[in-house]
Every structure is written in C-alpha cells, then in structure tokens.
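What follows is one chain in structure tokens, specifically the form predicted on its own.
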C-alpha cells in the first residue's frame, strides 16, 4: 500500500528552493500523496543554539555553489547568491499554511521561491508575498491579514511541536510511515519508502 509523504519545510530554507520545484512532479509520477507541513524551523534552531549558514563562511559559500549546480542540472536559472537570511520567514510559513488550505500551497511556494531566488525579494517580505499570492489567484490583502490572526499562529505552533515530536531538525524533511528523511537529496529515498 502506498504511503503519503509529509513534506516538512520552512519557506526560508535555501535548499527547499530545489525541493519545491520538483516534489510535486516526483510524487505525482510515483502516485504518492503529498501533504504539506510548514513549520518554524528557526524556533528549533534557536532551541538547539545552532544556525547552519553564517555569512561569508566556507559552508555558506559551498551551499550557494551546490544549489547553483543542482539548479543548473534541473534547468533552473536562479540569481545566486540570493539575499539571505530571510527574517520574515515566520510570516511566509503562515502564508504557506493558508495557501495550502486554499489548495494552492505548493504552487504558492514555488512562486514565492521564484520571487526570492530569481527576483531577489526575500521570503515573507511584501514585495515577495503580493506577487506570489496574485500568481496563484489569491487576494494578498486577505491572506496577509489572515496570516496575522492568532488562529493561524496557533496552527503553526502546533505544526512546529509536531515537528519536534518527530525529531525533525532541518528542512526540507520528509516523513513517511514513521521514517524521517532529511534533505532535498533524500526525496527519492522517501518516495521509494512510500511505494515499497
């Protein structure tokens, strides 16, 4: 029996740019149901006293090079390095939750990454949210207002606690039938597990 994939992500993850572009097609071709799970990874990093990519370090330089290399292999042409980090990521995560509730979560996530990685508008900033929401047929004023509501914040806190409970420590991550797969390069392994 095919299992669903829970796609755990934060809209401020750099590597998630690659995953957002390919996970829909990959899961569709494999017949694997996909469930979007935005969460506050920044909170988990803070609790761990850890931040993975500091400015002008070998690791961060490698990250941008690695993303550029993978993007080229996928036929994508982002402008890198993109602005980073994205301090308005929590708002972007709440918008992702609301867009998903409207049935366009993945489409919005892709549009938001195009605004960030191609146009230089950071995740969660007004210059990113408005065009990306319009691109998927949502009213920016309505969605941005709803993203400020306590109920939306509570939903993201609940998802973040679920991520903690599952031992999720990075994004993108994939949860399949009790198994955790971390990183864009583990998507195929997650799909294989879901269809075994």
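Numbering follows the first chain given and starts at 1. None of these values were measured; they are calculated from a predicted model.
As for the form predicted together with a further copy of the same chain, it is not shown, yet the points below apply to it.
Undergrad: Taking heavy atoms and a 4.5 Å cut-off, does residue 187 contact a further copy of the same chain in the model of the complex?
TA: No, no contact at 4.5 Å.
Undergrad: Please run the contact check for residue 149 against a further copy of the same chain in the model of the complex: heavy atoms, 4.5 angstroms, yes or no?
TA: Residue 149 lies outside the contact set for a further copy of the same chain.
Undergrad: At 4.5 Å between heavy atoms, is residue 154 in contact with a further copy of the same chain in the model of the complex?
TA: It does not: once a further copy of the same chain is placed as it appears in the model of the complex, residue 154 has no heavy atom within 4.5 Å of it.
Undergrad: Would residue 177 count as a contact of a further copy of the same chain in the model of the complex, using a 4.5 angstroms cut-off between non-hydrogen atoms?
TA: No, residue 177 is distant from the partner.
Undergrad: Would you point out which of 27-35, 124-132, 137-145, 54-62 contains residues with a non-hydrogen atom within 4.5 Å of a further copy of the same chain in the model of the complex?
TA: That would be stretch 54-62.
Undergrad: Who in 151-184 is close to a further copy of the same chain in the model of the complex, meaning a heavy atom within 4.5 Å?
TA: Sequence-ordered list: 167, 169, 179, 180, 181, 182.
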